[in-house]
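Given as structure tokens, the chain that follows is alone and in the form predicted on its own.
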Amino acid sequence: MELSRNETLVLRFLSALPDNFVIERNIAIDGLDERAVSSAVSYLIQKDLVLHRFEATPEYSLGREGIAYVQEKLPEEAALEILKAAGKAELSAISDKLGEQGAKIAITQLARLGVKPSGGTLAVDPAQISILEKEISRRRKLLEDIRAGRKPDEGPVLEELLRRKDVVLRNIRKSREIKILRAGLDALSEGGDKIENLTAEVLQSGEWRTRGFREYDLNPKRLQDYSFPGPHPLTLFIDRIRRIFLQMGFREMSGDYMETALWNMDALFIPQNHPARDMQDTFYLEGDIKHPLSRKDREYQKIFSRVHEHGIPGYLGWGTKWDSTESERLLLRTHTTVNTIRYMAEHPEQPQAVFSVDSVFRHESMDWTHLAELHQIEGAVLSDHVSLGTLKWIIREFFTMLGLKNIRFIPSYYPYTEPSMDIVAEINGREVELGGSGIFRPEVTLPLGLKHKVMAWGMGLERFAMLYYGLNDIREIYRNDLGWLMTYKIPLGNKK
């Protein structure tokens, strides 16, 4: 069996290890980056030379509230200090000290720990103080461990903090694990490390005498079974999604790849200290590239500043200082929701139903489920008749037209929608999370002069295409294997 140089190097690495699985990202080979290793692994899997499986590992990070609690105090911690000083306190006094939202959280948490308000007063038994302090100390330690990058203890304390909105965030990371098979060892022993490129160095060294050359089939007769030209599988999938949206009465919209943080983040009520703005998640543009804001954008800067710092009537803002310089940073758009919010601001009249299937950019390490450049499917409706029920109905219709019927919704959280839902579908006997959805918050719509509600949903196209075409690696969508390009039309279905 012919092996590429990279495939040979990976097999050699695996053959030197004990007979057990190794995580793909832990394969370290001089001269091969992570992308080259992963590509070689994918080809070895296709050739049945290695065995693979996927391992799900939870990863934890602090949400906006969690970061604030570590830097300052947990609301229940601050309330307990008030009670320790006086033994009891009026609820109004706690609200004056912690703010309405902070007091609400503190009172709720203390009530769960056995300290319940009575007659507008909150009192603590001195015998309870030590127990309460230990519990709060455990919560603080867990938050500090996560901030420091240490793995938190997975127990009741973690589960309690996960239930609280935007305190601790859990992400399930799926890792591909592999181990070499007998066939892989046999292929390696047959001498897979053959010369792929004839160079001056190869000729001068004389290594071609012992290594030999890798064989390539250049027989044009092998191409007679293929019909050319033809659209790429991803192009066909995008066209199908576009047709579905158009049949449902939606209008297609588009936008620029390069955006300002003002529209990509601030307009969507994403706080300026949100982790999604970090360099780890966003491609920021550097150098002399300037994007002067229009007069209208300058007006929006003032509006968004007030909304972020102080909120709007009936709704609290983030309560943090808003930086206009941060809003002017240039970036490659991280989602197509920025297209939606720009379009709605320019077309505030109802009804509006728009969609896009366009490229977005994430500062991701590319692996079997992640790409740095990908497509996002976006749908949005502006109307007085928007409701959670309407959103569910339209999403079900959309997926039914794609061949999916077993759809369910899970409550979720996004900074710019409330309520929010994750979309889960049953595909070929297993449940798969396809994307997010929700109703835009008033902090998003009202500052733009939108008097009507907006509902939206979105999902990553490539991950959906993986399921559609029965692939295990997201990068396989872009491969140029002629055999696969002729046999990719695998129907998407629900096994009963």
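All values derive from a computational prediction rather than experimental measurement. Start at 1 and count along the sequence shown; that's the residue number.
The same protein also has a form predicted together with a small molecule, omitted here; what follows describes it.
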Legend entry - Every residue of 271, 318 and 320 near the small molecule in the predicted bound form, heavy atom within 4.5 Å: no
From 329, 335, 176, 277: within 4.5 Å of the small molecule in the predicted bound form by heavy atoms is 335
If we test each of 237, 250, 398, 414 for a heavy atom within 4.5 Å of the small molecule in the predicted bound form, the one that passes is 414
Would residue 378 show up as a contact with the small molecule in the predicted bound form if we use heavy atoms at 4.5 Å?
-> yes
Quiz prompt | is_contact(residue 44, the small molecule) in the predicted bound form, heavy atom dist at most 4.5 Å | solution = no
**Message:** in the predicted bound form, does residue 456 come within 4.5 Å of the small molecule, counting heavy atoms only?
**Reply:** yes
- Query: Taking the shortest heavy atom distance, is residue 66 within 4.5 Å of the small molecule in the predicted bound form?
  - Reply: no
TL;DR on 433-441, 48-56, 463-471, 23-31: the one with heavy atoms within 4.5 Å of the small molecule in the predicted bound form is 433-441
